[in-house]
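In the block that follows, a single chain appears as C-alpha cells, in the form predicted alone.
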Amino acid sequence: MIETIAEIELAVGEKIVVKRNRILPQNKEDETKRIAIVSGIHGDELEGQYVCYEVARRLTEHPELLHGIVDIYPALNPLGLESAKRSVPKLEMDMNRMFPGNKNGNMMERIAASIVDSIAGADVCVDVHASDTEVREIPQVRVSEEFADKMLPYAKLMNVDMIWMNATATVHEATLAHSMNVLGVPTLVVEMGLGMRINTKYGNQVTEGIFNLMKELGIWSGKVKQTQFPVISTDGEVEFIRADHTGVFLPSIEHNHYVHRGDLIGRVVNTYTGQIKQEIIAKKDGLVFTLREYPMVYEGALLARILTDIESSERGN
C-alpha cells in the first residue's frame, strides 16, 4: 500500500512528495510490531534502492510469512534522487542535518517532521546509506556510543562485516538516526558501497541481515540464511590515512583486506614527472574497511580507513 506521508508545493510548479510502501501481514492481529526501512536521504547514495526493492520483493512473494508491519521509504529526498545530488536541489541543504524537523518551520523542516512522525512508534528502523563517489565502504553498521547498549544487539544481527562505534556522522544530533533514537525508536545506520552505484552483492548481504533482524523481532517466520558476526570497532582503533601530496592514488591492496604492519597500501604519484610522491605503509595490522576509489587526490584527501589492533581470525566468527 503506497501512502504519501509528506507533500509540499514548490514555487516552480513542482512538488516534493515523500511516500512509503506499507506492507501489512495477512492476519490483522499481527499488526502489533513494525519495522521501518528508510533510504534516499542523500540523492547520490543508491545502494539502499536495491535493498528496498529486494525486501519488498521477498515480502510480496511470501505474504503468509509476515507477522508484522514493514514500512519501506526508498526516497526521503526524492528531488535529490531524481537529479543525483546529495543535497536537496536548489536549496543545497543536507537533509540529514534537518531532523527532527519542525511542524511550523520552513518547507524542509516540515517534511522532516512528517517523516519523524511517520516512523515514530516503530520497533526498529534501518537507515540505509552508501558512501560518496570517492571512497568505497564495506557493509557496516554505525552506532553512537550514546545508544550502544540498546543498539548493539540489533546491529550484530545485520549480517555486516563491521560495527563502527561512535562514527562522527552518526553522532550528529540533527540526523534522522539520532533523532529517532532519542524518541525511543532503535535506529541502525547502515553504510556500504560507493556513491552513484549499486553493488547487488552488498545489497543482498544487508537484505539477509534485515530478514534476520525481522526474524528475531517475530515479524518474519520464513527461513533466514546464516549471518556473519561482525568485527566491532571497540576491539581496536580506527586509523585514518590521508594524502600528503596532490596526485594520483594507486592502491596496492584490495578493499575489505586484512593488512599487516609494513604492507604497502598504495602510492600517490605525479603523472607529470613519473615520481612517487608518497608511499603509504601500514603502521599496524588491521582491516581496510574504507578504500579510495576515485584516484585523483589533493593533500589531505582520505585514502583509507583501517581498523587496527584486531586479529584477522576475528572476522566472520
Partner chain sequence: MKGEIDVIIKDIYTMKAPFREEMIVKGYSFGKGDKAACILGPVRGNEVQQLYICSQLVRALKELEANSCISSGKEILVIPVINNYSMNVGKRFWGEDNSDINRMFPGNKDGDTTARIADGIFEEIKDYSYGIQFTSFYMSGEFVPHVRMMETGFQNASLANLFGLPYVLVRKPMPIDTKTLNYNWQGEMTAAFSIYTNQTAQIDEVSARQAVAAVLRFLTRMGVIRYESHSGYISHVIAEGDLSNVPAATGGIFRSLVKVGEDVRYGMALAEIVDPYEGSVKQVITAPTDGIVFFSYTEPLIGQYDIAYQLIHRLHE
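All values derive from a computational prediction rather than experimental measurement. Positions refer to the first chain, counted from 1. So that the term is clear: the rigid core is the largest set of C-alpha atoms that superpose within 1.5 Å between two forms.
Absent from the display: the form predicted together with its partner chain. The rest refers to it.
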Option touching its partner chain, based on a heavy atom within 4.5 Å in the predicted complex, out of Glu237, Glu92, Glu145, Glu82: Glu92
Please tell me whether any heavy atom belonging to Glu173 falls inside 4.5 Å of a heavy atom of its partner chain, as the geometry stands in the predicted complex. yes
Heavy atoms within 4.5 Å of its partner chain in the predicted complex: does Val297 have any? yes
Even though its partner chain is not shown here, does Ala243 get within 4.5 Å of it in the predicted complex, heavy atoms only? yes
Taking its partner chain as it sits in the predicted complex, is Lys215 in contact with it (heavy atom to heavy atom, 4.5 Å or less)? no
Site test, Gly43, Gly184 and Arg267 vs its partner chain in the predicted complex, non-hydrogen atom cutoff 4.5 Å: no
Could you tell me which stretch in 46-54, 250-258, 267-275, 31-39 has residues with non-hydrogen atoms within 4.5 Å of its partner chain in the predicted complex? 267-275
Any residue of 105-122 with a heavy atom within 4.5 Å of its partner chain in the predicted complex counts; write them all down in order. Gly105, Asn106, Met107, Arg110
I want to check Glu14: does it shift between this form and the one not shown by 2 Å or more at the Cα, with the core superposed? yes
